[in-house]
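The chain below stands alone, shown as structure tokens; this is the form predicted on its own.
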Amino acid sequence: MAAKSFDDRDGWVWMDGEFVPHRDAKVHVLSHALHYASCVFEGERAYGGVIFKSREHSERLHASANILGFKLPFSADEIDRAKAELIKKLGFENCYVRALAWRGSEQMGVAAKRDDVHVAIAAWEWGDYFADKMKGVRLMIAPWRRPAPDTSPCNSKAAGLYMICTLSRHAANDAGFDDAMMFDWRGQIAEGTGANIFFVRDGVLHTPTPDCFLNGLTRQAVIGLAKKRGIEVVERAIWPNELASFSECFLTGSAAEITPVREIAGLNFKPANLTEQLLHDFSALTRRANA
């Protein structure tokens, strides 16, 4: 049976300060965001009815909008309350939450400083981002690269920046892979299409420096968990010719959580003690957030 369309569901969406029936949460076809990608968003997970790092997500939504030159009409406090009220109203315990803000349809053209800014929050029950993720996912090398930081607003979680991620993920799926690993404009390893990436060598955790992609909130949490365990974490430039020297690899993100990787373009990895320990610690951390 095909999955139900996201525009045809029961429930509610919080939109510009009020709860709207899910099927009625609509925007006009001439919204600036649809034509010029003036939209920012957050992907979050709730565990036991509590959103993990809700405040950090709300603050990043504000920061992303500021980078794109618009100001949200709701404070981080108001967005936090709205998210919590929404998942309670929907009766969800474990779910995915999507908050977004965009320029509307008051002005059409590249410049749109007069456009009103809209904010919406939706939520749905969602299991693992990857099917059978604990078996380890398979990655190919993405056909697109992360651009240089002086060519895109890389510190904003802006919708337009995900166009090359969609293209790369589609290419990977068409080739029989689960996802793709992206290089940056220099040819260094950057991230997955929607998640940060970590490698293990001789008990040390290595991860690319986030200088042209988001320093993910789950990424930061995992680094904190590793350091708490006394695991050395090295953030640095990582080149493709190093891949064969790593024994373990995993992805991190709000949707992906911690997802082991078993292959990158023909190179094999085996989730072992370090990955398994961090998986356990992350699960415990999200449970503690609900206590």
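Small disclaimer: the values here were computed from a predicted structure and weren't measured. Numbers for residues come from their place in the sequence shown, where the first is 1.
One more form of this protein exists, namely the form predicted together with a small molecule; it is left out here, but the text below deals with it.
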Quick one: is A171 in contact with the small molecule in the model of the complex, heavy atoms, 4.5 Å cut-off? no
Is there a heavy atom of T193 no more than 4.5 Å from a heavy atom of the small molecule in the model of the complex? yes
Can you tell me whether L214 touches the small molecule? I mean in the model of the complex, with a 4.5 angstroms heavy atom cut-off. yes
In the model of the complex, is there a heavy atom of the small molecule that lies within 4.5 Å of any heavy atom of S31, even though the partner is absent here? no
Please name which of the stretches 233-241, 63-71, 247-255, 260-268 has residues with heavy atoms lying within 4.5 Å of the small molecule in the model of the complex. 247-255
Hey, with the small molecule in the model of the complex, do K157, Y162 and T218 all fall inside the 4.5 Å heavy atom range? yes
